[in-house]
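Okay, so here's just one chain, in structure tokens, the form predicted alone.
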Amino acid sequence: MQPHKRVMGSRANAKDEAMVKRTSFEGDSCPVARALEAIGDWWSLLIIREALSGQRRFGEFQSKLGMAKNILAARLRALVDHGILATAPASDGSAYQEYVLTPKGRGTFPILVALRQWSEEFDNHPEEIATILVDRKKGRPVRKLELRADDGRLLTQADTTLKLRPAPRRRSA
């Protein structure tokens, strides 16, 4: 694993910078760490959840999530910078811009489903969860995500391991 770089926030004074200092996983060799660089804070995941539910405007995100505007603006900017959201002119022709999910952003759907299903299974008060994820066509609850081998076998953590990726072949001239 590569060493983690330290990054500073964009705050004006040194006291504020010390509070937002965090580790960057951008160049890390671990794909989990790299994913966390892009979507690893709770506000970003909640913004993505709202975007997957059809929210597109700054004000919609702000009212649904109750976030401070400066935090929301920073998270939206980071999600755009990471290619998860893109900005587009407002669909109603107004002067506003909208945030739309990119293919990379839509690719987070299984991640959010996995988090949801984990919470539904292990939450101390699952009866307080207000919604159920259902198949739109049939209206039935979605089956739990499963990890399967190429041959279709159901896999658990004990059935998997990590191995080094083969070095890329060099092209001869």
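All residue numbers are counted from 1 along the displayed sequence. These numbers were taken from a predicted model, which means no experiment stands behind them.
What comes next is about the form predicted together with another copy of the chain, which is not displayed.
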Exercise: Phe58 in contact with another copy of the chain in the predicted complex, heavy atom 4.5 Å: no
May I ask you to check whether Leu76 falls inside a 4.5 Å heavy atom distance of another copy of the chain in the predicted complex? no
Please check if Lys69 has a heavy atom lying within 4.5 Å of any heavy atom of another copy of the chain in the predicted complex. no
Is there a heavy atom of Ser29 no more than 4.5 Å from a heavy atom of another copy of the chain in the predicted complex? yes
Would you mind checking 37-74 for residues with a heavy atom within 4.5 Å of another copy of the chain in the predicted complex? Glu37, Ala38, Ile39, Gly40, Asp41, Trp42, Trp43, Leu45, Leu46, Arg49, Leu52
